[in-house]
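Below you will find one chain, with nothing else, as C-alpha cells; this is the form predicted alone, and questions on how it binds or moves follow later.
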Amino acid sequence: MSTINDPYASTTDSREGPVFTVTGQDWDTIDASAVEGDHLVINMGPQHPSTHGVLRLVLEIDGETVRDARAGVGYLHTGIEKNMEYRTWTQGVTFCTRMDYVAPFSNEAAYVMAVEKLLGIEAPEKAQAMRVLLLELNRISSHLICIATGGMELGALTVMTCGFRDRELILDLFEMITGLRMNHAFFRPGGVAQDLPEGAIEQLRSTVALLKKRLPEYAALCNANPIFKGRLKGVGHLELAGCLALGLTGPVLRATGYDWDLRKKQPYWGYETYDFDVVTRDEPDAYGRFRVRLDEMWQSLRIVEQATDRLEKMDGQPVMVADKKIAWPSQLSVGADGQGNSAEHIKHIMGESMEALIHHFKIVTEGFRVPAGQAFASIEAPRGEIDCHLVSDGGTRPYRAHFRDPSFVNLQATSVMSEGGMLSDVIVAVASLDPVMGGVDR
C-alpha cells in the first residue's frame, strides 16, 4: 500500500491503476480519471423490498447507473413439486395452493384442470362458475397487493393503506366461502369442496358495490399525479419483442399493446360466455403495467357480477361430479340428486350406510386412481400464464408435477429492465413485475 508523506502530493497505489489522487490542498477533491471505469458490485437482497418473498439481485453499478443486474433465486425453496409425488391427487391441491400465496386459486386451477384432463371428466356447471368467481376475486386482491406494495416502495403510503383495506373485503369473502383467507385448497378434481354458504350471494353483491366506489380512488391518487408518474414513466422499459423473446406474459406483456389473455385466446370453464374486455396499453414501462392492472380490476368486477347472477340461478345444482370413484360421499350428496345440500342426507350416508362409510375412508386415506398418461393445462393468473404438467403412472399419487410459474419467467426481465437505469429505479422495475417468490422457488 502507498503511504502519504506530503498531504499536498499526488498519490497513487503500487497496484494496477490509480486508486485515488489528491491534488492541491483539498483532501476531498478526487481526480475523476483515477476512478474512471471502476465498477462496484453490490448485493441488493437477499431480502428485496419490491418482492413478496426473498430475492437476491447482484448489481454492477457505475456511480448510480446500473451496468449489469442478475437475479439470484432459491432462497425460499419449499420443494412443493417434489412433495406432491408423495401425496394423493386431492392432497396435491393443499400443496400447490401455497406456491403463489398471493394468488392461490390460480395454482389450484391449473392443477385440477390437468387432473381432470387425465381423468377425462369435466366439473359441473355450478362448480365452474364458482371457480371463475373466485379466480376473478383473487385477481383483484392480487392486483391490489401489487399496487399497494409498489406504492409503499415509492413512499405513497396512502395507496398502500387503501390497497390493503380493500383487499380485506375480498379476503372476508374467501373466508366465508372456503373457510380460509389464504391457501384454500378449495378447488378439487371434479369440482369444488363445498357449495356456497347461506347469504353468500348478498355479501358478494354488497362487496362488489363497495369496491366500485373505492376503486376510483386509485386513479384519483395516482393516474395524473406528477410525482407518481415521474417515478414510473420510462422506468423498466421493455418492448413487445423483448417480452416475446423472454416468454413474458400477463400485465407486462399486455402493457406493450399485445392482447394475449388465455381467458379469451384459449377459454376454459365457460370464460367465452362472459362479457369482458382484455386491457392493453401502448406504454411498455412501469406506469403502463400499473394502468393495466388498475383497469383489469374493473373487468374482473364485471365477470364477478355475471358469475354471481348465474350462481343465484343454480341453487341446488351439484358442485362435484357424480362419480363415486372420485367424490367423497358427503360431496356426492351435495346437489347430486337435485335436492341441494341436505344435512339429513349426509347424516344417512355417513352414519347409517356402512358401504358409504368404508368408501369415504378409503377415498380419503388412499385416494382415487388416475389413468396413466400425462396432461398439460394453462390458465391466466394475475401475473401471467401459469401452466401445469402432470404425469400419472396409474396410481393414487402424481408421478411428476411441474408448474410454469409466471413470476419465475417474468423475473428474467430484471436485467433488461434495470441495465442502463438508476439504482433507485431497480426497485420500481422489479415491483412492476410483481414477483411472488413462493411461485419462483417452488
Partner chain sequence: MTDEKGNRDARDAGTRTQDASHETRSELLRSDTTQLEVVEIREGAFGAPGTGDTSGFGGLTRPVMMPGASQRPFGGWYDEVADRLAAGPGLGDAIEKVVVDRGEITFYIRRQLLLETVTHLRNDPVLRFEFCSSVSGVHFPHETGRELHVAYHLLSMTHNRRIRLEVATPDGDPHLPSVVSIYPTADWQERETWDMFGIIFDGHPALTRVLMPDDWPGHPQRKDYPLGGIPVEYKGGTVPPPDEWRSYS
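Numbering follows the first chain given and starts at 1. Remember, predicted model here, so these are calculated numbers, not experimental data.
The protein also exists as the form predicted together with its partner chain; that form is not presented, and the subsequent description refers to it.
J.: Could you tell me which one of 159, 112, 253, 321 places a heavy atom within 4.5 Å of its partner chain in the predicted complex?
T.: So the residue touching its partner chain in the predicted complex, by this definition, is 253.
J.: Identify which of 210, 358, 171, 245 has a heavy atom within 4.5 Å of its partner chain in the predicted complex; exactly one of them does.
T.: Comparing distances to its partner chain in the predicted complex, the residue within 4.5 Å is 245.
J.: In the predicted complex, does every one of 164, 216 and 220 come within 4.5 Å of its partner chain, counting any heavy atom?
T.: No, none of 164, 216 and 220 comes within 4.5 Å of its partner chain in the predicted complex.
J.: Does residue 39 make contact with its partner chain in the predicted complex, using a 4.5 Å heavy atom cut-off?
T.: No.
J.: Indicate whether residue 63 is a 4.5 Å heavy atom neighbour of its partner chain in the predicted complex.
T.: Taking the distances in the predicted complex, the answer for residue 63 is no, it never comes within 4.5 Å of its partner chain.
J.: Contact with its partner chain in the predicted complex for residue 266, defined as at least one heavy atom pair within 4.5 Å: yes or no?
T.: It does: once its partner chain is placed as it appears in the predicted complex, residue 266 has a heavy atom within 4.5 Å of it.
J.: Does residue 409 reach its partner chain in the predicted complex if we count a contact as any heavy atom within 4.5 Å?
T.: Judged by the heavy-atom cut-off of 4.5 Å, residue 409 is in contact with its partner chain in the predicted complex.
J.: So which stretch, 308 to 316, 225 to 233, 269 to 277, 254 to 262, is the one near its partner chain in the predicted complex (non-hydrogen atoms, 4.5 Å)?
T.: Every other range fails; the passing one is 254 to 262.
J.: Where, within 382 to 421, is there a heavy atom within 4.5 Å of its partner chain in the predicted complex? Residue list please.
T.: Residues within 4.5 Å: 385, 387, 389, 391, 392, 393, 394, 395, 396, 397, 399, 400, 402, 404, 408, 409, 411, 412.
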